[in-house]
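To begin, one chain is listed below as structure tokens, in the form predicted alone.
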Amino acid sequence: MRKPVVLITGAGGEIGHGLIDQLALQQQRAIVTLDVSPLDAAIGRKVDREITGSILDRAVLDRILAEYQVELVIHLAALLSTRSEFTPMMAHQVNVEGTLNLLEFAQHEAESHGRPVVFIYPSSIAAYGIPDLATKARAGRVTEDEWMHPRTMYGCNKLYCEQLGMYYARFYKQLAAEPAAGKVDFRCVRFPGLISGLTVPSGGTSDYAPEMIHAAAKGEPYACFVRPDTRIPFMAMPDGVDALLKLAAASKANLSRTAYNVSAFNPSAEEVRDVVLNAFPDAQLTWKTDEKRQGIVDSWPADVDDSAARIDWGFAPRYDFQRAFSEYLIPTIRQRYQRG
């Protein structure tokens, strides 16, 4: 008898750590993780089985299929936006082919134990592509189905995988004699910029907000790489973790779509700077626009319409703009460097 489990790919990142913490507390299913690198020892102790390997290795997935009854897949493994621009072929392999491997794995898993597998997929605001600032201003709060013309490899990968997930959920092998769709219960959260108090920003396209706080806390000067008027939606990392778990637990009967926008606040870069300066009055925060990255950020909506998530599965972020910075980000990052 195979053991019922949740499988988390790419579990070594901060979202993975947050999910493992919460799932371990719930104790509803055993936790199996798959990542190319070993987990930190502290988080590794909370999982039932840690597998070091790649989502591109079908033999690894076949072993998991043989040993476990996977009821929930949370597929976090991805090559992120900045690196994807430098290595687009590798990005396609990891982000698209890897996701396709996992969808096919979930299909076979569902067929083997006779009920659907819930498949949770984090997508990105990078799936959007708005042509110019005038159009962005007119667009206002953008719904899930508008302006789907991404201009980055990562955005293209994410949008295509959203469509693949919907195909598996609704149309898989639709010409076959026996219906095969519906065995993968695909559910996608399209994240805005995620801001963390626990990890150091690594040059991501939306990292200008946390970079300001880290530089101010360290007492180092920082030149923001976007214009002061730049505006995109953001969310605090704990709310991102909660959104994935809440969507996973939602009744399928309540879900009207396979992909959902989520957001919490959408300050301008100048508003972020003002909040950071209020906490660190001596901080040296200036502006030096990187036109390439600015062009990417300008193609993303100034805000997104997440009413479907709020109605269908009760999405309600805990952190608005002021609380995210004053209660979570600034205290956490300040403490990091005081300890150092």
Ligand code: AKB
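Residue positions are given as counts along the sequence shown, with the first one as 1. Quick caveat: nothing in here was measured; it's all calculated off a predicted structure.
Not pictured, yet referred to below: the form predicted in complex with 2-amino-3-ketobutyric acid.
The single contact residue among A250, L198, A180, L80, judged by any heavy atom lying within 4.5 Å of 2-amino-3-ketobutyric acid in the predicted complex, is L80.
Of the residues given (Y260, Y154, F119, Y128), Y154 alone sits with a heavy atom within 4.5 Å of 2-amino-3-ketobutyric acid in the predicted complex.
Remark: P267 does not count among the residues lining 2-amino-3-ketobutyric acid in the predicted complex, judged by a heavy atom distance of 4.5 Å or less. 2-amino-3-ketobutyric acid is not shown here, but in the predicted complex it comes within 4.5 Å of a heavy atom of P192. In the predicted complex, G204 approaches 2-amino-3-ketobutyric acid with a heavy atom inside 4.5 Å.
Of the stretches 119 to 127, 104 to 112, 180 to 188, 239 to 247, only 119 to 127 has residues with a heavy atom within 4.5 Å of 2-amino-3-ketobutyric acid in the predicted complex.
With contact defined as any non-hydrogen atom lying within 4.5 angstroms of 2-amino-3-ketobutyric acid in the predicted complex, W300 is the only contacting residue in 291 to 311.
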